[in-house]
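Read the single chain below, which is given as structure tokens and is the form predicted alone.
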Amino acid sequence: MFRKKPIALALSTVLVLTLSLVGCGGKPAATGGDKEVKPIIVKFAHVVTPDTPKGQAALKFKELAEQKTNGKVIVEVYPSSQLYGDKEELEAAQSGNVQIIAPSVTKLVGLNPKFQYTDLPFLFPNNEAVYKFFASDQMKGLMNSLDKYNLQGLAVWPNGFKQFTNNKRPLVSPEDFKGLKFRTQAGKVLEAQFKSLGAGSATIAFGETYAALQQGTVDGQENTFNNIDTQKYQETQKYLTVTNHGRLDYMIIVNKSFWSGLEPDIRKALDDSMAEATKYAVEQAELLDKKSMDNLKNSGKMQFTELTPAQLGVFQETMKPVYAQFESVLSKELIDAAIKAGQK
């Protein structure tokens, strides 16, 4: 009887020691001064679906960032306005509720009106001119112009050229636009563009556009092939005119306080990840743009109108006054840099 007590005491001691070595989640607690390091959570919010160029590039950034930091950073991607819509995402990034957003360049006009360059009709003749402008000093200046909002531009991801759609009639000449109303993003250049065509416009959030088209709040909209396809606008729009008249591209923006507060090695890994994801974004934009154009053509739900050079020239001439109207806002230097990027 008396010999059993030491044994019980010994077992109790072993149990206490074992428990003391176990941390949260059943893992051994750190010893020798080591501390369990929690991963840095980076929330990346955007408004389009995962199967778009932006959606795919965001997932690529997540993959690269987690790989290059050996899991020290976890990127949580929230597509399709799951966290914030058009109107809220900029404020969320400023306050640090999300760390990365990818708004279309046009949505930044309230922060710097020069971002309206992307809406000037027929400013860029092809993708190569757009990419050259992305690398220009003028674009770098725009990316660095958001300091007072606690924001920093990191990269620009392309989507593609915009096309017109509507549910009333084929759009072959500027006269065909008269009396129609189009959904637009916010921006005075876009208002002036449609006014030059004799059409009305209404600013409607991207996530609300399908319903607006379906309910007849607006007759048409302008967007890339991929956005038209992935948002299923062909279900509400009978006619598409290929014009390549404007651009829809995205600026990748981070909360500046968060980004500058990262350890140098972590920030370098994330910068490198962003550079690789940007190359991937370019590839995806061109690939998915072509794929979506084919999807829309083959759907049998839309009538495609492809303009002749002469017909396109009429549109370019009709919209030319928009340049003079906004030169003082955008600056001649910026417009000239964009035009120069398109020259051989």
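Bear in mind that the values here come from a model prediction, so they are computed numbers and not experimental data. Position 1 is the first residue in the sequence shown; the rest follow in order.
Another form, the form predicted in complex with a small molecule, is not on view; read the next lines as being about it.
Every member of the trio 86, 107 and 183 reaches the small molecule in the predicted complex with some non-hydrogen atom inside 4.5 Å. Stretch 219-227 is the answer when you ask which of 266-274, 173-181, 219-227, 68-76 has residues with heavy atoms within 4.5 Å of the small molecule in the predicted complex. Contact annotation: residue 57 falls outside 4.5 Å of the small molecule in the predicted complex, judged by heavy atom distances.
Under a 4.5 angstroms non-hydrogen atom cutoff, the small molecule in the predicted complex has residue 48 among its neighbouring residues. Using a 4.5 angstroms threshold between heavy atoms, residue 124 stays clear of the small molecule in the predicted complex.
Remark: residue 248 counts among the residues lining the small molecule in the predicted complex, judged by a heavy atom distance of 4.5 Å or less. 206 is the sole member of 194, 149, 206, 258 with a non-hydrogen atom lying within 4.5 angstroms of the small molecule in the predicted complex.
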